[in-house]
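Listed next as structure tokens is one chain, alone, in the form predicted alone.
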């Protein structure tokens, strides 16, 4: 799929990463398989842990090469694996650790594993659009807070995300077992890139990163190893392009009136 600033390939991550141009990406978002035996359509999520970790380090080292100065990488994994990566990756700047608490009804003994960690790495001082990382005041009726609101101020968001996962009943749900919320990815895209910038994802899955990139005027390049998921992603991306084109056409019609 190569159209509308979108370049999606059916390829494994290493093949794709080595083929990309140095310092061409402003942002790369990574949600890899977690190596916990999860059943995907084709991919076997059961590698020796040392091999899996080496592969994750290699992926991130390629990202360092591909990022522009000021670019960011957001990497998602379980906290135990994330801690290893956070401690040992020294070729990127460690910028923020963001916890995601998705309230998923997962198994686990003695505790259910219901949190993930987004590791925010950067290549030097990252580009930040602070508006994307702002939230609303919790006590807007307080007289001191009212003055801040009147002045156009907003507080910064917390370093944790409280969003439900994409469930089977969600309107966002596509044919993929592990789909992250678009709202979460949109925040990263809006917060660390500008319109026209190139966003990447070499574990594309059902297409969430590409969809959000299209929605907000960014270019996208990435890959997915499973042909079935590539088809799912292409269908969803094309639907987003169609919706955007329709909205633009309606707006142009209204202007002419």
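Keep in mind it's a predicted model, so treat the numbers as computed, not measured. Residue numbers count along the first chain shown, from 1.
Here the subject shifts to the form predicted in complex with a small molecule, a form of this protein not shown in this document.
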Quiz item: Might residue 241 be said to contact the small molecule in the model of the complex, defining contact as any heavy atom within 4.5 Å?
Solution: no
Quiz item: Heavy atom to heavy atom, is residue 31 within 4.5 Å of the small molecule in the model of the complex?
Solution: yes
Quiz item: Is residue 229 one of the residues lying within 4.5 Å of the small molecule in the model of the complex, judged by heavy atom distances?
Solution: yes
Quiz item: Does the small molecule come within 4.5 Å of any heavy atom of residue 180 in the model of the complex?
Solution: yes
Exercise. Using a 4.5 Å heavy atom cut-off, indicate which stretch of 212 to 220, 65 to 73, 33 to 41, 187 to 195 touches the small molecule in the model of the complex.
Key: 33 to 41
